[in-house]
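Two separate entries follow, structure 1 and structure 2, each one form of the same protein chain as structure tokens.
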Structure 1
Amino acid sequence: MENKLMEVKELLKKYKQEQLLVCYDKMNKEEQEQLLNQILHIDFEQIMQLYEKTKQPINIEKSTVEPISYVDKSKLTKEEVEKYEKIGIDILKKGAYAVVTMAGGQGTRLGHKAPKGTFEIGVGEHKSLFQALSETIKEAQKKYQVEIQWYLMTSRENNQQTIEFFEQHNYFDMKKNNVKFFIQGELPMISKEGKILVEESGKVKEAADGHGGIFEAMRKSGILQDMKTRGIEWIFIAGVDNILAKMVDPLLTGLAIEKNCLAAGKSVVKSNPQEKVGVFCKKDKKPNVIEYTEITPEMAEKRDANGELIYGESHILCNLFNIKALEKIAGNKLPYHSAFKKANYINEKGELVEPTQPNAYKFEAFIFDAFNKLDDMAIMRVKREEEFAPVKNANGVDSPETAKKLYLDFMKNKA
């Protein structure tokens, strides 16, 4: 332990991060050991580079952006629907389809003091987001007479609570063996002055590394291997906060296979050209998502001969990947984006600071930064009112209130 402490002290001196040991003397032996190990796992070079990047102006790469072709589900003929669905149902029937829910986010905008998936939007008696999603899977299991594996990505912060919630609810009557959790990676949070923060427990303050962390997390945690062992070929990945996510979709699967694509994505058409959403596109001939901050007003307004926005296909975090695509992506590093957030921390005097304004950088990878590792993606436009009811903010747009209305209307129309 003494040697380890010396090693850590030298490392911290080198990177001017000595504050990370501020609580060390007050900790018991086990906590001390954990802290030292945590520090030794930090890639300080990477963190310092990410910090330096926060001070540079955002560099919008010079790339060629072009529209991506898409299929509008509502315009498919009956024959096309039947053909694609049959291909997708065959995949389901042979047990080669799985669902992944990304539930590692902090849900800061919603402000719910527990994992976001435990949040009840007020539909049905105590129906949580997790329960609503489980119902979607169970309905598909019944419809297609199959068992579907459900993987959930959590974070170190919410993993325990998430598993306890599933235990308390008897895994929503799904087979426990068919539900698997895995924890995503983390990166330290850093102050405006470049100091890594210490959390209330005295350990390094780390935060989940964004939904783009999913690929590496699946590889490192053995989930990719587990999928291969089970013969899973197609994996639908979506967030925990879209209560209408249609995660079992043979039509989309069939479309991807028919188009010879290793991935597919669902889009909803932008509600207006200025809507602040990322849209599917091709960047340098590869599939990608262009953020609303990167698109010029002229591009945003541009329409095709049929009057459709040519950059109108919003990315709704509902994507399907072939296992080969996941393996390929997991071997690549995705870029990190920084976000300036409010974060409590322990200062160099050992005092707790609870800021009222953002004070720290958090680094996150985005799932769509992986799309350009693939040659093409099949994009299918679906109806917002059928597949997209996000719960992001406590009030106003994309809030429990708007999601509840969308969900109840959808259920009424389905009945």
Structure 2
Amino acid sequence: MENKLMEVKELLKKYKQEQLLVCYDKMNKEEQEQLLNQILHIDFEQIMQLYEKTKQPINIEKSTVEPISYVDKSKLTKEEVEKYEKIGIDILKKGAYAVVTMAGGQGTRLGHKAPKGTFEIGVGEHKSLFQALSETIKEAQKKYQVEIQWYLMTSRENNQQTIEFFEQHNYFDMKKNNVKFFIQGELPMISKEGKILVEESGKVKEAADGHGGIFEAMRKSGILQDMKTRGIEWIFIAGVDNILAKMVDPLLTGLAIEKNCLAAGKSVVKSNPQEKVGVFCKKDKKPNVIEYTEITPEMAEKRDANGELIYGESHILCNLFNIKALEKIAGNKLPYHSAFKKANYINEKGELVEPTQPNAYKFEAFIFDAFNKLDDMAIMRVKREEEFAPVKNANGVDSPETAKKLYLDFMKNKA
């Protein structure tokens, strides 16, 4: 281990990051080994480049932005619905469909000290988000007489707790072999001065690399290969916090195949022109999402001849990908966006610092930055009350209270 320590010291000296060893001498042998390995896995060139970008003004590239075409599910004819669903059901029947849930977050904003998926939404007896999503999958399995593989992206922070939760609940009566977990990637957090932070345990302080990190995580963890081995062709990816996510959707699958697209997305119409959501669009002729911070008031207000918002298709993090699209995206690095956050850390004197203001940068990739790797996407507008009930905030909009009401109303109408 002495040679490894010398290698690490040389590396840290080169990048002026010697503070990463501030707690080394207080650690036991196992912890020291873990820290050295963690440091050796850091791409310091990448981190320094990301840090330099934080000093530069945000450069919104001059792009040609146009509306994207979409299909309104409620306006499809009976014949169209039957046609698309038959195509999608054929995919399901041959076992070529899988579901991925992004579940790397903690329920901190909800006052919940555990993985977000374990949060109970107040429906039925102790029903968690994980249970509600599992019921959606099991219902589809029963309806179409198939087995559906469920992959869950966790984080280093919540992976063990998530697996234990599934074990305690007997995998919600799903076959254990049909449920697989993989861990989201992380990147070091860095101070305003360009120093990588040390967390309270003495290790490098890292943060999840955003939902756009899912593609690389699937490749590195062997999940993409597992999918190929199982003959899976279409993969639906959604967040854990949308309790109404319709993850097994033969209609969307059939629509994508019929339109010869390798990806598809669900949208809900903006509640008003100023709603703070990203919307589907075409940027430089490629599918994309324009953030509410980028869209001009004129674009936000613009309507077509039918009075519909031209830029009104909200991206709700419900996307379908062909395995070929996932392989293509996973082979390319997505851009990282920086966020300035408040983070506790150990300083160069070994003291715990608990800031009251944001003090560190974290770096995230966004899933929609992958869309422009594709030639086109099929967009299907769905009803908010049927497919979008997110649990994000403790109170108010997108809270357990609003999600619970949407969920109960949906279940009542369904019955």
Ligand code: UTP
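We call the rigid core whatever largest set of C-alpha positions still superposes within 1.5 Å between the two forms. Reference numbering: structure 1, starting with residue 1. Nothing here was measured: the structure is a model prediction, and the numbers come from that model.
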Q | Which of the two shown structures is the form predicted in complex with the ligand | A | 1
Q. By how many angstrom is the Cα of Pro355 displaced between structures 1 and 2 when the rigid core is overlaid?
A. 2.6
